[in-house]
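Given as structure tokens, the chain that follows is alone and in the form predicted alone.
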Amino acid sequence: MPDKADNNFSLLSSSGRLELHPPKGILLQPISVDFAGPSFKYRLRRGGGRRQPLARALGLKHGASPLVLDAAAGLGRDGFIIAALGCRVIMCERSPLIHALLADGLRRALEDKELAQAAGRIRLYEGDSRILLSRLVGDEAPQVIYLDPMFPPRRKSALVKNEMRVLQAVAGEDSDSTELLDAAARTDCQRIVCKRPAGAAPLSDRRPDFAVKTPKHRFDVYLHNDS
């Protein structure tokens, strides 16, 4: 029997991990969160450290290690990289099924000697980041808010990775991402970083203070109370 189900997707235990399985007849593969996998570990080792675009967008310079809210955590890869760079990270994911995958992936990362230190810097919440933002005050208030809303589906769906198609099927599009950006802008954070596809317009057409670009995407940076 499945542990949980949502829109006919099911969480099943397999080989010591949780996997999210599509309903029968849907041509999608199961997904899981595996920070301990060789490809992700390689990315952590060879990602460029604090010289990489994500670190520059977050303002990780001169030894700065801000508290970062990953407000749309998804499968958690960027959030884990941020933690590996030395920051404390609050991950928030509102899909119960994706949240369960994240919790399982973090549990296994804590058991891995190479990943345990970074995993220990992460706190995971389930729910709406807009509500969480109102509760994070004082020393718990994030200095940087990181937004990675679900990208719009491409016209050629075959080009979309299996993981992204599963996420879209389970969680849908982030139709309220503009509201999340507005909520972030009402906080006292130092900066907001929004990940966007390379050719996409800024979220909510709000012009960033600057952008850090990569071939496939860019990080739009909104300076708020940045010191």
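Start at 1 and count along the sequence shown; that's the residue number. Nothing here was measured: the structure is a model prediction, and the numbers come from that model.
Keep in mind that the form predicted in complex with a small molecule is missing from the display, and what follows is about it.
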{"item": "Segment that reaches the small molecule in the predicted complex - one of 116-124, 69-77, 103-111, 136-144, heavy atoms within 4.5 Å", "value": "69-77"}
{"item": "Exercise: Ala36 in contact with the small molecule in the predicted complex, heavy atom 4.5 Å", "value": "no"}
{"item": "Contact test in the predicted complex: Pro149 vs the small molecule, heavy atoms, 4.5 Å", "value": "yes"}
{"item": "The small molecule contact in the predicted complex: Cys92, any heavy atom under 4.5 Å", "value": "yes"}
{"item": "Residue contact check: Arg130 to the small molecule in the predicted complex, 4.5 Å heavy atom", "value": "yes"}
{"item": "All of Ala55, Leu60 and Leu85 within 4.5 Å of the small molecule in the predicted complex, heavy atom check", "value": "no"}
{"item": "Heavy atom within 4.5 Å of the small molecule in the predicted complex - the one residue of Ala184, Cys194, Leu167, Ile31 that qualifies", "value": "Leu167"}
